[in-house]
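Quick setup: one chain, the form predicted on its own, written in structure tokens, and binding and motion questions come after.
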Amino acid sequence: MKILKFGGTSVANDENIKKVKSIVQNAPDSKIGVVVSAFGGVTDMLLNSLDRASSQNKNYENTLNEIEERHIAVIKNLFPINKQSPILSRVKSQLNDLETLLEGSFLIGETTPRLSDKVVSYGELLSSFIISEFFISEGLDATLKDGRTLIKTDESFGNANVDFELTYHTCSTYFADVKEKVTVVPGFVSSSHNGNATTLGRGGSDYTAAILAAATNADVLEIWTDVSGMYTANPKLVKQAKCVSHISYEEAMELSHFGAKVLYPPTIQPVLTKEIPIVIKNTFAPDEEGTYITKNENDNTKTVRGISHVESITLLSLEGSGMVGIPGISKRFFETLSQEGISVVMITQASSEHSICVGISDKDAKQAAIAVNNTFEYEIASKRIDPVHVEQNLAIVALVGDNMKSHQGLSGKMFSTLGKNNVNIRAIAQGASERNISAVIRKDDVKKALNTLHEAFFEENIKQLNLFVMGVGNVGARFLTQIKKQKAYLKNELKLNIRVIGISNSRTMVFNEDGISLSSWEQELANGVKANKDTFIDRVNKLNYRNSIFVDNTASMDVAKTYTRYLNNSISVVTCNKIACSSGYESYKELKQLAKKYSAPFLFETNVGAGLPIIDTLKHLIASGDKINKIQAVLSGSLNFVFNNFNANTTFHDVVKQAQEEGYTEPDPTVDLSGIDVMRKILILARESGYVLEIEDIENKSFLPEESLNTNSNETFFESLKKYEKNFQLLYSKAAAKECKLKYVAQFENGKASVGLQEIPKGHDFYNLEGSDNIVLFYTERYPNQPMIIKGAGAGADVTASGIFADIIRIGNF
């Protein structure tokens, strides 16, 4: 004997019903009980029509007409014309009875639980009749059995209690005697000992199927739905969620209790006692394995089996010193909620007895608060207990697994994983069995929390990084190209999955929650909306993705000022923009502190030396206990390029123009040639060495004429270079006469810093510096005489992009 249950989506229309017929038809040659729900959405329509009728709203007739049209359309699509008449006649007769009930409710302007059960039962009664007739017309050996004659209950209308002894006897007797192979039974419906229609409550069709399976000692109970089993998390919110092939009854109950809607907790109890397996299958993909539910196999290798959640939760907290040591407080609290018919989802209590906190449904919050405050009215008036505190718009996320208690550190891993992504935990509950670890969080954080936890516990340590990129000029475009090229390598070798979610330039911006294609991002950006840095931030925060990283490839001061807003929301910042780290020391310090406070890395390796590991090396020296005594460096790839190519046969103007066109300078070349860029870099190195320094403290020995420094456009700047060509040639000839080379040098020693053009003699570490290379000499307590030297390409879009990329990878390994 097998029991198959098909949910509302599985029988939503004629096409789906045909799929159901194929599944039943291909079942093994043994007796089959087929439990069916109402057509998808019909139960809600019935409740809606009754609500309108009892409110004396004539629109209930419109809903009733929709129900009738829906069922008639299914009949006409399932049956040939010559077989439709008797079926239509029976359905219309039942709908006429339904109409009479609704008219009665409309006339008296009220409803009752008893009437509600009678009205809502028509969904399953109609669907089961149509489906059984279709089976018979298709040649199946089938019959229809009214579930109300099989399942007997008390008269707790809306959620009736089953008389199992009588029900089991009735069901076992019927299925032992029935001759047809297939028996179609309407789910959800039952009847009292007095013959009144009752229903089995939420998930009632599953419950019907479980009762029939237990009563007949079925070999298996199959639940057919629109997903291929129970998943490690809600696949609508976690795209990487996987089907769980085998779990225990207890794990299934925990997952279903915390929001896994493919199964309802009461369903499992009748079959659990008799250890009848349950299989969750997909009506629309019947060949997929599904989930097999049995008793615990004690497989200690499997810890967390699923992550579930419940939304629309309210925390109700009762606190006060008057609770400590006073017996009966908890009893009164929970008794009050029970008397109000309010279900408690989660309980947590301080060991000091100073507070009790429970999770309830949002819809019960107002009623619960009034009732509890009334119960403790005396204690509240005497200031011994505070008025009940209500927090709404929350949710519960839960880790579930039979064997979690056998593995240390799961709770810590769960909470630290959430904390690193700025998911604040309001309350925690964990049973002694440790089958379930639950945390209350903001409802807005549910998607981030589920994805973060799923990544930590199920995705083979593959970490997803979600990037929001501002600035896609030379550096930004090459950065995106590098990500595209290395995407597969990063995923396979470093276990990092990088997605670009948002891109902006100065004109437009675009977002794609599934990730922007790195093959067509230019077209997507061109068709984006008008760029706005504030709107960009708001969208990043609203998306609320785990492991979010803001990447700034601009040289904009306005963009640099937004970093605090990202870090405050636990969004990491990676930037090649030097303005933030070279602004006022207090601002720099604030960014560093925010990064620590919210576990959101703030990385700016490319601020000094582009792709060279200068800042990273400096950090390691300081972290290991070394102290920086002196720094000497050529830090401007732009100026090095310029002075390596400038000679008696060239003009200074032409060389600077070439440097700009090849991307070695900032968009405004005066930033480089004035020395301000080098000042910022040595300032950053000094600060990272542990010194408090402002940019005004740095001596700048500029080689540019005052007129060139004060130009207000690139055009006038380049014209001024032509005007003062003799000055530049004189600088070159003086150095050449001494067999020296011109290098723009930054120096920091004894707490003081300076930048300026110097004549470098042969034999000096700086003398043979080629092209746009940078070089840094770190003199430390451990390297007092022979400095630590870092040398290499220090400018150019490709190396800068690679430096940004390296910072992204550092965060991925964080």
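Remember, predicted model here, so these are calculated numbers, not experimental data. Heads up, when I say rigid core I mean the largest set of C-alphas that superpose within 1.5 Å between the two forms. Note that residue numbering begins at 1 and tracks the sequence as displayed.
Beyond the structure shown, there is the form predicted together with aspartic acid, which is absent from this document and is the topic of what follows.
Non-hydrogen atom contact Gly611 with aspartic acid in the predicted complex at 4.5 angstroms: Gly611: no, not in contact with aspartic acid in the predicted complex.
How about Thr43: is it within 4.5 Å of aspartic acid in the predicted complex, going by heavy atoms? Heavy-atom contact with aspartic acid at 4.5 Å: present for Thr43.
For Ser37, is any heavy atom within 4.5 Å of aspartic acid in the predicted complex, or not? Yes, Ser37 sits close enough to aspartic acid in the predicted complex that at least one of its heavy atoms falls within 4.5 Å.
Ser548: touches aspartic acid in the predicted complex, heavy atom cutoff 4.5 angstroms: Residue-level check for Ser548: no, no contact with aspartic acid.
Can you pick the one in Gly203, Gly528, Pro669, Pro270 that has a heavy atom within 4.5 Å of aspartic acid in the predicted complex? So the residue touching aspartic acid in the predicted complex, by this definition, is Gly203.
Would you kindly say which of Phe468, Phe602, Phe188, Phe479 lies with a heavy atom within 4.5 Å of aspartic acid in the predicted complex? Of the listed residues, the single hit is Phe188.
Just to confirm the contact call: exactly one of 495 to 503, 203 to 211, 683 to 691, 634 to 642 touches aspartic acid in the predicted complex at a 4.5 Å heavy atom cutoff, so which is it? It is the stretch 203 to 211.
Within 101 to 131, the residues that have a heavy atom no more than 4.5 Å from aspartic acid in the predicted complex: Contacts from 101 to 131: just Glu124.
After core superposition, I'd like to know whether Thr291 moves between the shown form and the other one (criterion: C-alpha shift of 2 angstroms or more). It does not reach a 2 Å shift.
Is Pro705 one of the residues whose C-alpha moves 2 Å or more between the shown form and the other one after the core fit? No, Pro705 moves less than 2 Å.
Aligning on the rigid core, do we see the C-alpha of Gly41 shift 2 angstroms or more between the shown form and the other one? Yes, because once the rigid core is superposed, the C-alpha of Gly41 moves 2 Å or more between the shown form and the other one.
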